[in-house]
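Next up is one chain by itself, shown in structure tokens, the form predicted on its own.
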């Protein structure tokens, strides 16, 4: 597979003022994104995600290191011609209508006026803005602006989509629509570079993730690989549990609930819950279910960032 984004030993240092202490936003970041892949680029606030995206879009020059977009430097016009970019807070010329704005953005991307006239109505229909095609953008809601920004990013049918918080400000229907469009673009062979704080969406959309923390890569890999460890907790549901066993379950549980004769408990660890289920059975109670709870991406992310923070503090 071709490499669409290539980043090697990227550093970026800012000096907030003439006498201010330098801030290292990026400290040796390296990763690749291959053709047709959907990569989630994740990290806590201030980790270096936005700085990386600004370097990749040619809006910022790195202090050192190299980045290639579609085989050329991000500052090269041919790289930007193949890039569809949706920033977290997109800005549009407020006096234009969506049709006028798409005509403008298409021209900037080298698309002929005839081609834009053909594509624009279909794109606006796709993002559910066909009824607003002749309205001024200044009257659009946050969700409408976000959906129009996606249409603008797609008008030139780019090989690479770079999306920064594309689901921000959307209602549930809008979120589902945008996720469907991202999956359709990925299925069509486009490469997607996605930044999002909503990790359930990343888990649904992405093949692989890169975690950046304090300007360095903390973890990377496919979501399946990162989450395929054994269960980290269990849900135990039992009935007719003797009081002494209830006390043991309550002490071990993160969450504990009683409803009539039924006890429901969420118990951490791989061994405690099976042992307590055996104790219920031995005491004459009835185990209704013992269900493993596998870690999702959000829980895994929080655990990794906490561990990296503690490791940095120890250093």
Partner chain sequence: MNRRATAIALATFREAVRDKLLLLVVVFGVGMVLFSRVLGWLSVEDELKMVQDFSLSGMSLLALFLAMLVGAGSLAREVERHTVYTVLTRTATRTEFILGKFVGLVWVFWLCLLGAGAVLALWVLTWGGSIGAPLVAAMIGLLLETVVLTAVALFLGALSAPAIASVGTFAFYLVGHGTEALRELTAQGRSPDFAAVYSVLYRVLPNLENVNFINATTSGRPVDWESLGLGALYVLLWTAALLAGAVVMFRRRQF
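No experiment lies behind these values; they were computed from the predicted model shown. Numbering follows the first chain given and starts at 1.
Not on display, but discussed next: the form predicted together with the partner chain.
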Q) Would residue 57 sit within 4.5 Å of the partner chain in the predicted bound form, counting heavy atoms only? A) yes
Q) Applying a 4.5 Å heavy atom distance criterion, does residue 111 contact the partner chain in the predicted bound form? A) yes
(Q) Can you tell me whether residue 156 touches the partner chain? I mean in the predicted bound form, with a 4.5 angstroms heavy atom cut-off. (A) yes
Q | Any non-hydrogen atom of residue 61 within 4.5 angstroms of the partner chain in the predicted bound form | A | yes
**Q.** One residue of 219, 175, 80, 126 in contact with the partner chain, assessed in the predicted bound form (non-hydrogen atom, 4.5 angstroms)
**A.** 80
Q | Position in contact with the partner chain when the complex is considered in the predicted bound form, options 214, 165, 100, 235, heavy atoms within 4.5 Å | A | 100
Q: Give a yes or no on whether every one of 87, 136 and 152 sits within 4.5 angstroms of the partner chain in the predicted bound form by heavy atom.
A: yes
Q.
Quick check for you: of 205-213, 175-183, 192-200, 88-96, which stretch puts a non-hydrogen atom within 4.5 Å of the partner chain in the predicted bound form?
A. 88-96
